[in-house]
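This document opens with one chain alone, in structure tokens, the form predicted on its own.
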């Protein structure tokens, strides 16, 4: 190593060159092993790894280690975006893990967006979306139970949204509107997305409707900022 830059920068540069030959998901050596390799203390190694993380080259999983980051997942936003189809078209392997399915009275916002009476029953579905096995998003959706009888059972059987809606008699649906904003992840959201509290996330709020314009789904999805590239695609 030369003396022109701080040790941690030299280590980061060396690792960055090596990462170019690594595969997404590969695990880096532990801080202890890297410290021994470069003849420095763990604090210096930790600073180098932090620089790589800030550049989006690696990501840490609590209790598991530091891993080579994948390139951001391309996700198009259209009136007929279907998560599985959109990711599959880019060569990714889509995944979805449902965390909870429960009925509840509609909140004021849910009732307004879904054109329901106050406190009408809705089905709330919460889960995470995956790309090549990595969590990229956390979603919460509300569906009008009166319009979609049996929806809970279909979702609990592991069916996707499109398949579940089709089983309830909805052959097609489109995105009525989308609002995209940014925020910092709180501790709970950071846990779902495997981020650090305060990391940047993209907040996507939307409403889907049937061909007659009747609201079917009000959803809020948070995407991990460095793992997803959202593209507004022309119809």
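Since this is a predicted model, take the numbers as computed values, not measurements. Superpose the two forms; the largest set of C-alphas matching within 1.5 Å is the rigid core. Residue numbers count along the first chain shown, from 1.
One more form of this protein exists, namely the form predicted together with the DNA; it is left out here, but the text below deals with it.
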Listed range touching the DNA, judged in the predicted bound form by heavy atoms within 4.5 Å, from 202-210, 56-64, 164-172, 177-185: 56-64
Is residue 30 one of the residues lying within 4.5 Å of the DNA in the predicted bound form, judged by heavy atom distances? yes
Residue contact check: residue 40 to the DNA in the predicted bound form, 4.5 Å heavy atom: yes
Should residue 192 be classed as touching the DNA in the predicted bound form when contacts are defined as heavy atoms within 4.5 Å? no
Residue 7 versus the DNA, in the predicted bound form: is there a non-hydrogen atom within 4.5 Å? yes
Please determine whether the C-alpha atom of residue 28 is displaced by 2 Å or more between this form and the one not shown following superposition on the rigid core. yes
Between residue 47 and residue 197, do the C-alpha atoms lie closer or farther in the predicted bound form than in the shown form, with a difference of 3 angstroms or more? closer
Note on residue 63-residue 222 C-alpha separation in the predicted bound form, which departs from the shown form by 3 angstroms or more: farther
